[in-house]
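In the form predicted alone, a lone chain appears below as structure tokens.
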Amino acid sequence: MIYGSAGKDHVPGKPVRVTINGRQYRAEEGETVLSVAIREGIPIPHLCHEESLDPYGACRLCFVEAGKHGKREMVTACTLRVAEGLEVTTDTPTVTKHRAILLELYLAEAPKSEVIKEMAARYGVMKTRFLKKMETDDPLGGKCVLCGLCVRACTEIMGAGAIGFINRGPYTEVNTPFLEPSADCYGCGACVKVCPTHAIVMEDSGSERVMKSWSGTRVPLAQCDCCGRYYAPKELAARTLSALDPQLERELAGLCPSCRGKQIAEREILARQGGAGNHA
């Protein structure tokens, strides 16, 4: 590698110009080529990119050709830092061929994913030469590409570690340990939000949130004392409230976001009315 990898905590650097597909763009030294491309509307396919997590180039789809002073190499755009004089080409024949082969592999890995089918079609890939046994009872519905974003969000963002990679080689999958309901799951839905192929399914059923993809894990929901609606995972709601000022925590405890908003609005109205009365 002729360039260093980038992390989400990079220190803002000086303004630089980076050339992408023959056109110059302003950037900040230290940010990634993929971030610049996304901001400028330059299409670079990717699956494992998430702004809140350090890039790690797992999906390899964002490969580009980059270099300076005539020296060029293939590198993932999500880990490549911009620098003055950097020249990047996103769609050379070599890059396009690389992506097409990868998308064939992903079609075999996730044959039910409409996201993958659409990405593959843009590269002229309509079917795959690679075969993988399709599990009819796959809890992720044949849509998982093993990018690891759900595992990282659960561990690195939420600190729960309720899911992980299990098995090895072609039998690798993501789920709860021993495929049993997890006592560590907060039911926060972070995994659902970051999944690029919409493979993870959860639903609220009465007083519980059911993580259908994670071995049917059930998480109790908090109920609003005012309207009676179940509105959020109970433990997660308690953790969120505990971070507030103690007085505010007592005032908002037991209320859903909608009822909290109404209470705050009513208090503001009364305060204004009181202020107007004192002024009169």
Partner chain sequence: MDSHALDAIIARYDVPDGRLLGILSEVQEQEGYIPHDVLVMLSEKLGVRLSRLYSLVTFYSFFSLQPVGEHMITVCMGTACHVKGAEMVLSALGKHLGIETGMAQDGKFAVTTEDNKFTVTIARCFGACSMAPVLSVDGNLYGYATPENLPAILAEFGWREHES
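Numbering follows the first chain given and starts at 1. On a predicted model such as this, the values are computed, not experimentally measured, just so you know.
The discussion below concerns the form predicted in complex with the partner chain, not included here.
- Using a 4.5 Å cutoff between non-hydrogen atoms, Leu149 does not count as a contact of the partner chain in the predicted bound form.
- Remark: Asp184 counts among the residues lining the partner chain in the predicted bound form, judged by a heavy atom distance of 4.5 Å or less.
- Contact check for Lys127: every heavy atom lies farther than 4.5 Å from the partner chain in the predicted bound form.
- Although the partner is absent here, Gly85 sits far enough away that none of its heavy atoms falls within 4.5 Å of the partner chain in the predicted bound form.
- The contact with the partner chain in the predicted bound form, taken as any heavy atom within 4.5 Å, belongs to Ala160 out of Met202, Ala190, Ala160, Val115.
- Among the residues Ile166, Ala121, Met74, Leu105, the one placing a heavy atom within 4.5 Å of the partner chain in the predicted bound form is Ile166.
- Considering the partner chain in the predicted bound form, the lone stretch of 76-84, 167-175, 139-147, 90-98 in range is 167-175 [heavy atom distance within 4.5 Å].
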